[in-house]
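Listed next as structure tokens is one chain, alone, in the form predicted alone.
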């Protein structure tokens, strides 16, 4: 492995880990964008320039800004930021569930046979990819974009606090 790959991998994983560990949602959202930029750097290192461009455009640009706006629009007051004893009691089951998922993923990756290609892969240029995406697959690209937009807007609406005139939930 090259030094560039190790540096990109370390920075990407480190920014994602710090984003998960921070209690400040705004900083976590910004670090998540930095982690996605690290994935784009990996794509550049691997020679997939189009994927790197798409990663920066879609995730680092658009999705990071939607996440940041959603956090800023639905952020609770500072008093609600304290960790309750009930949520602290869920730490062990959460760690067990996360460790189980990690174990299954690592087992699947280690257990899968690594196949080497008998013949070299076909050369596929960025131009040909663009022609495919804007030609026969244009409708599916628009549908996926609309579905993601509706899902993110729905998440913001669901997470938004009630308006001052709304009744409180009787729970």
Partner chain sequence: MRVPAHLLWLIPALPLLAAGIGAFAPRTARRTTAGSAIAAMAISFLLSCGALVTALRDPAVHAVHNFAWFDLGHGALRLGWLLDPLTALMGVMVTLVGLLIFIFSAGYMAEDANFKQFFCFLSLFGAAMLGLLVANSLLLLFICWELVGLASYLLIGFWFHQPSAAAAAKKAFITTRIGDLGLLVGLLWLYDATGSLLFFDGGEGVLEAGPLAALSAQTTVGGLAVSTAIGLLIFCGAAGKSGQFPLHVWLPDAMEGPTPVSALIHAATMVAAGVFLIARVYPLLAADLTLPSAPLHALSVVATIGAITALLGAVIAVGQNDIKRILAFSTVSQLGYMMLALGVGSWVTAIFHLLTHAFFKALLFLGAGSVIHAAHHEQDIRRLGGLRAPLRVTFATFAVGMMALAGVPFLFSGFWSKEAILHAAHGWSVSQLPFAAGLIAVVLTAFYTTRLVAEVFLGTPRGEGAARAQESPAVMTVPLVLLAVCAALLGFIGTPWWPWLQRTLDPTFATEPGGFGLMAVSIVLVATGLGAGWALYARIPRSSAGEADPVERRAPRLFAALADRLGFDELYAATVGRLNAWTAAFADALDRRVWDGTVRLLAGLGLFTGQVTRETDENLINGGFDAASGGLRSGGRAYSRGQSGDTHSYLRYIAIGFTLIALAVLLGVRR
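The shown structure was predicted, so the numbers you read here are calculated from the model rather than taken from an experiment. Positions refer to the first chain, counted from 1. For clarity, a rigid core is taken as the largest C-alpha set superposing within 1.5 Å between two forms.
FYI, the form predicted together with its partner chain isn't displayed, but the following is about it.
- Within this chain, residue 111 lines the site of its partner chain in the predicted bound form, having a heavy atom no more than 4.5 Å away.
- In the predicted bound form, at least one heavy atom of residue 107 sits within 4.5 Å of a heavy atom of its partner chain.
- Contact annotation for 21 to 38: no residue has a non-hydrogen atom within 4.5 angstroms of its partner chain in the predicted bound form.
- In the core-superposed comparison between the shown form and the other one, the C-alpha atom of residue 103 has shifted by at least 2 angstroms.
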